[in-house]
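Only one chain is included here, represented as structure tokens and corresponding to the form predicted on its own.
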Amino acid sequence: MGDGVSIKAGIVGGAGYTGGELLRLLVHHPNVEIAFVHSNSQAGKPVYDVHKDLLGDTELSFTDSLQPDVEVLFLCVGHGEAKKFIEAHDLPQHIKVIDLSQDFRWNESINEATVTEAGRTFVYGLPELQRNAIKEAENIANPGCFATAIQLALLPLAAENLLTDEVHVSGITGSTGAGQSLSATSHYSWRSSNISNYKALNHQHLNEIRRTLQGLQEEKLPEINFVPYRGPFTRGILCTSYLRSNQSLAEATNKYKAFYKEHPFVSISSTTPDLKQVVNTNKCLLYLEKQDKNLVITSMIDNLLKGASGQAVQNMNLLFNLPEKAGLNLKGSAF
């Protein structure tokens, strides 16, 4: 496939943050026709009633029914709900499913980056690691947002068996990472001018991070210690990873540039980047430092794009042999 091709896409769970971001991308994608946007809670309403940024861009309305003639189906439902949806619906096998929940992301085997459920096999969809497998896949398990940022920071080291010492990671995320449902820690009056950590050393994304890195590195993986923080902003993730390393900064930088040379969304910054450079884009920026014996890697992404809907579109492009950046030539706002 290529230029002039039109892919019919359906979205399930289109009323949430990831569904809204996916709509924003697909409405303007040169190779996509959106066949339907499913939402039980918003059925019958124009999508711009919920996603007000789409007013003037589309006249689509939410529906509570499914159309079987789509070629790709995006599942933007909550964790645990995607598996229930697959089990409850007899989807034609020709439909490629891209799931944005954690339901199909990992299994216990470090040597197998696929999960099979209800007659469907899901390939773990991190393009910078799995590009060729994604191209041949039938279904995709989209990676988690923190998992994406942390893995992209550490993949070049694992690829050369250089994760030899304990890794420490801290990361901060915007309020949209918690989803659209209101909770005490996503309420504006709590989140504004505030910060807290949560799930210290026990975040659910550690499962897929460890599985991916151990599957890539031949040597035994050291401990990955991760402390996430809730930030007083709406979108974006910034992670700082550090570990003992005998490499010089120049050696490490060259390895990272070589590893990501053919991957259009990952860039190595020569100066300290800031979060606004990636917000509203599908980019990941990496910045390396050497402090005494420690190699420090800062990684940053937009949690709703490279951490969710943008990466899902990137995976769709690979599945259908489209240019990898189709519909994703987005620019951050630096001010």
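Quantities reported herein were computed from a predicted structural model and do not represent experimental measurements. Residue numbers here begin at 1 and follow the sequence given.
Omitted from view is the form predicted in complex with another copy of the chain, to which the following refers.
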message: For a quick test of understanding: in the predicted complex, does each of Glu21, Asp57 and Tyr242 have a heavy atom within 4.5 Å of another copy of the chain?
response: yes
query: Does Leu155 reach another copy of the chain in the predicted complex if we count a contact as any heavy atom within 4.5 Å?
result: no
Contact flag, Glu223 vs another copy of the chain in the predicted complex, heavy atom cut 4.5 Å: yes
message: Under a 4.5 Å heavy atom criterion, is Val47 part of the interface with another copy of the chain in the predicted complex?
response: no
- request: May I ask you to state whether Leu285 is within 4.5 Å of another copy of the chain in the predicted complex, using heavy atom distances?
  value: yes
- prompt: Only one of 206 to 214, 224 to 232, 79 to 87, 130 to 138 gets a heavy atom within 4.5 Å of another copy of the chain in the predicted complex; which is it?
  reply: 224 to 232
message: Considering non-hydrogen atoms and a 4.5 Å limit, which listed residue (Asn254, Asn197, Asn107, Asn161) is close to another copy of the chain in the predicted complex?
response: Asn197
field: Members of 314 to 335 lying within 4.5 angstroms of another copy of the chain, judged by heavy atom, in the predicted complex
entry: Lys325, Asn329, Leu330, Lys331, Gly332, Ser333, Ala334, Phe335
